[in-house]
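First, one chain by itself in structure tokens, the form predicted alone.
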Amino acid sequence: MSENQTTHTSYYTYAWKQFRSHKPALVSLYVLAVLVVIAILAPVIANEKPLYVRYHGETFYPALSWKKQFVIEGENGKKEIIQPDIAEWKRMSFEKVIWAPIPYSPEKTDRLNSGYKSPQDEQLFMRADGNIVPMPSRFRHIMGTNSLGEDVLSGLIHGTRVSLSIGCISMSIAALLGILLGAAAGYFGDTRLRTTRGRFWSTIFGIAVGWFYGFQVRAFVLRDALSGREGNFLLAIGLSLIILVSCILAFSFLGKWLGKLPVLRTQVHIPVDNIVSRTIEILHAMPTFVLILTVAAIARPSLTNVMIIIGLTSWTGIARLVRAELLRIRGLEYIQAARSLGFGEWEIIFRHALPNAIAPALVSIAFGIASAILTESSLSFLGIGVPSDTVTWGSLVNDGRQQFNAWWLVVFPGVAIFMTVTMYNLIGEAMRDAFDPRQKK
């Protein structure tokens, strides 16, 4: 192993030791891993359909099957058709059955226990013979129900998947933009990236043409796609980006030839740092949550739209941290050595500079995930952005706003939001201390 690899490995080994010494963050990491497992296994943990059923001598797995119906042959030769989505599973008599740990789905109503049943209230159950009896402990709503009789605990479990997905995916978008733009701004600055005057102005003109034909001409198409299905919006915005990039590349290639003319042969600097920094300042001048709220109110309610909106408005902090690190690293000896050996600029950035500048960005990403979860919960609480038929922690709290006596609709989702955000903040603080060389003893 080379000396550089040994130093790189020992640094991250030291960082992991420092992180483990932060006990609250280590516990938070383990609890977060449990939440990830819960999010992945949510359809198995909380489902009104049985996991395993033996009925009239036949065995099937309703909760794990994609079939729209099960055909069962009875004793007298008559066929019985069971549709999993509308079947009254708890009123059926089975030879053998294995229920999910939480035998309720988040969007299924229990009419007998509607009207805000608390965990301590008497709950009712209808047996297979039609008699209404006190709720058996196996089917009890442990955390109560909302106005429609939907189980709160199953909503919390399935809401874990929504919150973690939005936090991770939206910050992945923000991290991609922030790292790329911050690295380019920090490494090239305003003077390191040079080109001919002809290629520079030709590229600028290509950006203007691409923006006009990609976004201005297609404004009505993008607006209709934004209020329609999420797949249509992604397709429309993707086509606009293709038009923009194609125009930039075409005019840049044209500028390469224009740069050979004597008048346009002069070398000019591309102010990458100035462009990125001014963009960050413009976004910081806008109230971010109001901007997210406005776009989410216009767009069709969709989890994908929420992820994209949060991601596109959360990259500035990551970009500033990466830019600052690249400004420091670009003058070090190993970067100069790589440049003298003939490595390309982008190869130096991604292979040598970024691996040593990514630590502060990771800390910002951890805090950003917590912020994204809070933003999604706020949007769900206001009934904006997330589809109304999707159960989230914020939508559960919103149900509690309609009935002040239903404390369980506020306490349990609120505790879940508080714990998740706190865990990410603790992990972020521990990562900040672990990657800080001044903390090394």
Partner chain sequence: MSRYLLKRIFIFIPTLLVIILLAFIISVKAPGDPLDRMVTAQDGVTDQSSLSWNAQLEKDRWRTKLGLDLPVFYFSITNAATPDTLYRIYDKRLRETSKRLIQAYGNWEEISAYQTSIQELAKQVELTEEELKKYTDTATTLLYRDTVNETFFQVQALKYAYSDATIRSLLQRIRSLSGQHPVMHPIYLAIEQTQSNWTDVVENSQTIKRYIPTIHFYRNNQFHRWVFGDGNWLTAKGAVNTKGIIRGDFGYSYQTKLPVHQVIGDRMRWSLFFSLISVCLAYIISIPLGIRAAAKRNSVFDRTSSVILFVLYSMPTFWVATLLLMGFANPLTIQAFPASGVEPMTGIPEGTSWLQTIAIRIPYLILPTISYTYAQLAFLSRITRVSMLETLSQDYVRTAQAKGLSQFRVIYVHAFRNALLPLITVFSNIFPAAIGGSVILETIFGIPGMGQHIFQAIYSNDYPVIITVFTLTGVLTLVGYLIADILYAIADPRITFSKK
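Treat the numbers as computed from the prediction; the structure is a model and nothing was measured. Positions refer to the first chain, counted from 1.
Keep in mind the form predicted in complex with its partner chain is missing from the figure; the text below concerns it.
J.: In the predicted bound form, which of the listed residues (A42, V53, I384, A63) lies with a heavy atom within 4.5 Å of its partner chain?
T.: Residue within 4.5 Å of the partner: I384.
J.: Could you spot which one of L164, A359, L181, V295 gets a heavy atom to within 4.5 Å of its partner chain in the predicted bound form?
T.: None of the other options qualify; the answer is V295.
J.: Would you please decide whether W346 lies within 4.5 angstroms of its partner chain in the predicted bound form, comparing each non-hydrogen atom pair?
T.: Heavy-atom contact with its partner chain at 4.5 Å: absent for W346.
J.: Is the gap between R265 and its partner chain in the predicted bound form 4.5 Å or less for some heavy atom pair?
T.: So R265 does not count as contacting its partner chain.
J.: So in the predicted bound form, is its partner chain close enough to V31 to count as touching (4.5 Å, heavy atoms)?
T.: Output for V31 is no: heavy atoms all beyond 4.5 Å of its partner chain.
J.: Just checking whether R278 would be counted as a contact of its partner chain in the predicted bound form - the rule being heavy atoms within 4.5 angstroms.
T.: Contact check for R278: yes, within 4.5 Å of its partner chain in the predicted bound form.
J.: Would its partner chain be touched by all three of S378, A406 and G414 in the predicted bound form, meaning a heavy atom each within 4.5 Å?
T.: Each of the three qualifies.
J.: So if I measure heavy atom distances to its partner chain in the predicted bound form, which of the stretches 281-289, 111-119, 130-138, 165-173 falls within 4.5 Å?
T.: The contacting stretch is 281-289.
J.: Using a 4.5 Å cut-off on heavy atoms, which residues of 409-425 contact its partner chain in the predicted bound form?
T.: V410, V411, G414, V415, I417, F418, V421, T422, N425 sit within 4.5 Å of the partner.
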